[in-house]
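Take a look at this one chain, the form predicted alone, written out in structure tokens.
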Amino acid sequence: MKIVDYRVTPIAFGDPPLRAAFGLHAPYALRTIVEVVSDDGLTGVSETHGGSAVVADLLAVRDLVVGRDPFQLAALEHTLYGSVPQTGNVATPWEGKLHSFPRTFGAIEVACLDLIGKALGRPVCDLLGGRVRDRVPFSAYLFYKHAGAGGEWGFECDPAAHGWAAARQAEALSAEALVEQAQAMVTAFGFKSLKLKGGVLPPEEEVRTVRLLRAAFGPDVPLRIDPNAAWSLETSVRWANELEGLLEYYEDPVAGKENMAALAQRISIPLATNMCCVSFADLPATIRLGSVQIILGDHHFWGGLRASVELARICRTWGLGLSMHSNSHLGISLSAMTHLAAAIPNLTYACDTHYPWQSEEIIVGGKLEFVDGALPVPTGPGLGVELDRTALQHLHEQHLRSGLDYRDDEREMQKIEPGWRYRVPQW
């Protein structure tokens, strides 16, 4: 089998005005679809981050991908390693930054694994060692937000909507509104754990939100908060004392490995990260310092599905817990996450996902459906999903109309609050 064609398509889909420490989500989230086509007519697909830099990196290696045997992933990785920049080409607040090579190779690898699975008639999780679970639990992802449901911040808003549809378009800038949002999401999708995206309102309001969530959902629903490093060390210690006994884990309240390690010495709540440790190069210092107890893996960051299995083995060796980070994404990415989680025995925390916030889709048959807060592992060949070409064309045209080249939450926030700046720490 040989790869005879390689396609890279930037897309944009409607994203609600969700808040985080970095600012505000734009009306459209950017993603990139990668396709590899074999000489026997099969097509493998993947989905990764969006933006002009991501697309440029993927297009730059086209001639190194076409003509390859998709089964020979080690050789392809070795070839690409010397051909893709090894430093992040868009500045980010993450300490390790999002390096071009893992992101680029990871997107190609997932598409190749989808292609291999289709050729063999086996699901991708079988290519990773086989499944250890038939369903993968996910967590409700709660956001403070402005009014609006996506696109141009509300093009689909329906004043008669109820349940999750109403919660998805409603303003939620208080603890009470977040509880209503959580209740609607849990009712709609059956999630058994809750994650609050913090770093938006003053810490006392966010801690009050956690307390109200605990009161509303009882003692058996795991809770998490992620301030995205918006809090200082002293602020994080102070509020950890208030959150003691309420949280499953405390995600990235402070910035950097050293600050996280210092915090770990002063509190008893487990610390988790997808900011201070986002690459294999970050692992030695993270482990040496004792910065965290849980790593939130992400195959888009770490270099693909096989690399993420390697990360899981390292976590097991060093006694670190493992869960999964999420960005705004569609069903191809979610399916890949599900196959990966199915194949990792020590991924024991419910995974993050933004998926309920998205209304558009790019796979045949529409959105994947959660059952009691979990996704059944697809049993079809490859990723178990098929690219909807009509939807691909629509979302590509939407990308062209959006005028967005990269994600910039600070710029979007300035449209609401002129002069607003992302700061670490904010409190």
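Just so it is clear, the model here is predicted, and its values are computed rather than measured. Each residue number is its position in the shown sequence, starting from 1.
We do not show the form predicted in complex with D-glucarate (GKR), though everything after this point is about it.
The three marked residues, F143, D226 and D352, each reach D-glucarate (GKR) in the predicted complex, with a heavy atom inside 4.5 Å.
Look at 332-340, 318-326, 210-218, 180-188: in the predicted complex, residues with non-hydrogen atoms within 4.5 angstroms of D-glucarate (GKR) sit in 318-326.
Residue in contact with D-glucarate (GKR) in the predicted complex (any heavy atom within 4.5 Å), chosen from N259, T286, N274, S279: N274. For the options R168, K197, R306, R131, the residue carrying a heavy atom within 4.5 angstroms of D-glucarate (GKR) in the predicted complex is K197. Taking the partner from elsewhere, E251 is found to have a heavy atom lying within 4.5 Å of D-glucarate (GKR) in the predicted complex.
The closest heavy atom approach of A20 to D-glucarate (GKR) in the predicted complex falls within 4.5 Å.
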